[in-house]
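Shown below, as structure tokens, is a lone chain in the form predicted alone; questions about how it binds or moves come after it.
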Amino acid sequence: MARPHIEPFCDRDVHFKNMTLPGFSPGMRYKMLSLDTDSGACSMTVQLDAGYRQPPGFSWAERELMIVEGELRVGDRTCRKGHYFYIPPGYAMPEIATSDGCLVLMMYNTSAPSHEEATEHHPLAQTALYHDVDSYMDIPWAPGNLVKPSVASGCMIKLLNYNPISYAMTFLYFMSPAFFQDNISYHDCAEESYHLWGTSWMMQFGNLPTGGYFWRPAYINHGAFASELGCIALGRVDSKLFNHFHYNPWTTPKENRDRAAARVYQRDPLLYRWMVSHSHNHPHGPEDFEQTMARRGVDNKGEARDVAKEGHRHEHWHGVHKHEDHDHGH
């Protein structure tokens, strides 16, 4: 997905705009959180004004909805704050309406927002994938160590949607008061978050309050992070979530990507060779910066080292060979 890195952003700092796309009823206003300019996929905070009604119909895009504030009538049901919907493309929803107004997160994952009036599903719609749930009342919190390596204790999650093919996930996460994690993280996937309530802190930019948002592409450093009074947020990832932890906040996305590949190479060299499709592969695989970075202290021979005098010297992480007094590229 071609969404840019957006971090930090707070939707309370911008004004709503009127939705003018065909098919959407008047009284729908939005704040754009992030946008893929290639496909039109986007995430928006949407205000449905009092008395808003949208006739039955479907979208050509896969979409997800979360009620942030107020009540939304969906057919003959009244859904309240915390209700989550996963709606496949072509799935016809009943009429939606709100008497007193409603604030909603709307996420169109595969193409631009659209609404086609219809009372029946599109013939190709994967209707079995549809689900909705009151995420606040009907799902228990689970420990954050569902994902390993795990975040620090005090972070809990509720899984809302899971794609078994791409491993994409949508989930609520909760940071307890006084939560703190002191390392640096990055992931192999894009990561998105919207603060439904509360404030968290991140070393790179400070506090992210209620209404705070980020879209973070793969291999972007983030952390350390904390929350003084706690927070609840909606999170999404577009592929498998794996926590790469380290303690160097200055590494670049390319260095982080190379390190992630190096870890695959170390764990399964044959898998790595199958994955890589460059014109030629370095026989020893990519570099893991945590194993090659200069360090003060004692080297692996028990001898004291002076980093300032050894800036020209490096050792390959794989331990097969070393070169003195020169650099070479891979």
Partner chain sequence: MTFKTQSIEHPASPETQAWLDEEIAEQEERFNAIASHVDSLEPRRRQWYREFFDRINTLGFNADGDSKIPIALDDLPVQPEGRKDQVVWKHGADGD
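Numbering follows the first chain given and starts at 1. Just so it is clear, the structure is predicted and the values come from calculations on it, not from any experiment.
Heads up, the form predicted in complex with the partner chain isn't pictured, but that's what we're talking about next.
Looking at 31-39, 49-57, 66-74, 266-274, which lies within 4.5 angstroms of the partner chain in the predicted complex, counting heavy atoms?
-> Among the candidates, contact is made by 31-39.
Which listed residue (V104, I157, V237, C231) meets the criterion of a heavy atom within 4.5 Å of the partner chain in the predicted complex?
-> Result of the distance check: V237.
Closest heavy atom of P209 to the partner chain in the predicted complex, within 4.5 Å or not?
-> No, P209 is distant from the partner.
Is E120 close to the partner chain in the predicted complex, meaning a heavy atom pair under 4.5 Å apart or at it?
-> Looking in the predicted complex, residue contacts with the partner chain do not include E120, since no heavy atom lies within 4.5 Å.
Does R12 make contact with the partner chain in the predicted complex, using a 4.5 Å heavy atom cut-off?
-> No, R12 stays farther than 4.5 Å from the partner chain in the predicted complex.
Distance check, Y86 to the partner chain in the predicted complex, heavy atom within 4.5 Å | Answer yes; at least one heavy atom of Y86 falls within 4.5 Å of the partner chain in the predicted complex.
Even though the chain is shown alone, can you say which residues of 8-32 have a heavy atom within 4.5 Å of the partner chain in the predicted complex?
-> Contacting residues: P8, F9, K17, M19, T20, L21, P22, Y30, M32.
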